[in-house]
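What follows is a single chain, given as structure tokens, in the form predicted on its own.
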């Protein structure tokens, strides 16, 4: 044996000289994959129990492994575990410690598996746990949105297209539009979870193993729906990470759109809502400032999540089957995406229920911009005019309103009849804000009773999860 041989490696038998110190640091992943330690131990326990079932480990060996892994888990929980960069990754660190604790039996644990299927299993377990945590936080945010909507099913505000006043809506209706976005995000998250919940354990390096393993047993023990079907795909697939990041990019895009509205609404120019001070900061030189930092930061974080999605797509685009070292680069983008999504959801789930709408300001804003013009056109259609003719009549009335500084509801009946003699006194029933929103009394409409019913259905969906 050469004196330069690297005997510290669990794979070092093939090599005749030590790994260069820089290369060792460059290729190591323990600094970031150690967060999967609990999942690695869970996978090892399931694998060891299966090896005992098929007769590869005897009862005493299994007991030693279980005891050693339990001690390692405790050391990790206590933050007393000695992580080593020389051992490259979380898997080798744990296996080396296990061998130090229980001797030669620790070396038997890796029978019938490879780091390739081991890491593929660990990352699925870690992502599945993260998905469940994120799903709960997303549900908490949705509940806050729905409850705020229920409280504001009669709070009138202007609805916008092109950020111009379009038609009056109720604030609760606008909030439930947010919930529809988030509901689709929840569905995408659950789709991702269902597709990734298959166990690659037992695929070994790429071709399976000659040992009489029971992959159904390990899959069931780890809570997977079933084992994966193909060993080559099992160790090289990272679709689940890409799909999660695609979900995250879509969710963060929705949170960014919501953030943009919150930022506008808290401005002095809109003044539609008040955010509690705990979600805002001040200026170092302008004492009057109250900056909506939480929504601004969430709006900014969508950029990093989008970047992680592109990074993973690019990482996988040219890889031949099966596993390649490139795949070590999957974890940092995925882990940061998980952290960013959870933190953003937590911030929003805390903040949204604390929003205080300025109802009088919202209503006054809805009175500006001729928001009931479409109601007047619909009224004229009911009086026998073709819609295009009604559109032209109302356009002329609005032009007069712009010139005179009066909203349609502020004009006299005589003034309105000058534009169309079919207009009668009952027109003012539809030109009021309350009349406008109440008239849209159908599924998906902004009528208060429809908003209340929609909020009830949305809450029931959350309760059924």
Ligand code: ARG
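All of these numbers come straight from a predicted model, not from anything done at the bench. Residue numbers count along the first chain shown, from 1.
Missing here is the form predicted together with ligand ARG; even so, the following discussion is about that form.
What is the one choice in 234, 327, 93, 344 with a heavy atom within 4.5 Å of ligand ARG in the model of the complex?
Exactly one listed residue reaches within 4.5 Å, namely 327.
Heavy atom within 4.5 Å of ligand ARG in the model of the complex: which of 152, 371, 116, 228?
It is 116.
Can you check whether residue 331 is within 4.5 Å of ligand ARG in the model of the complex, heavy atom basis?
Result yes; residue 331 sits at the interface with ligand ARG in the model of the complex.
Within a 4.5 Å heavy atom cut-off, is residue 39 in contact with ligand ARG in the model of the complex?
No, residue 39 sits far enough from ligand ARG in the model of the complex that none of its heavy atoms falls within 4.5 Å.
My question is simply whether residue 323 lines the interface with ligand ARG in the model of the complex - judged by any non-hydrogen atom within 4.5 Å.
Contact check for residue 323: yes, within 4.5 Å of ligand ARG in the model of the complex.
Is there any non-hydrogen atom of residue 89 lying within 4.5 Å of ligand ARG in the model of the complex?
Because a heavy atom of residue 89 falls inside 4.5 Å of ligand ARG in the model of the complex, the answer is yes.
Could you tell me which of 25 to 33, 410 to 418, 54 to 62, 434 to 442 sits within 4.5 Å of ligand ARG in the model of the complex, going by non-hydrogen atoms?
Comparing against ligand ARG in the model of the complex, the contact stretch is 25 to 33.
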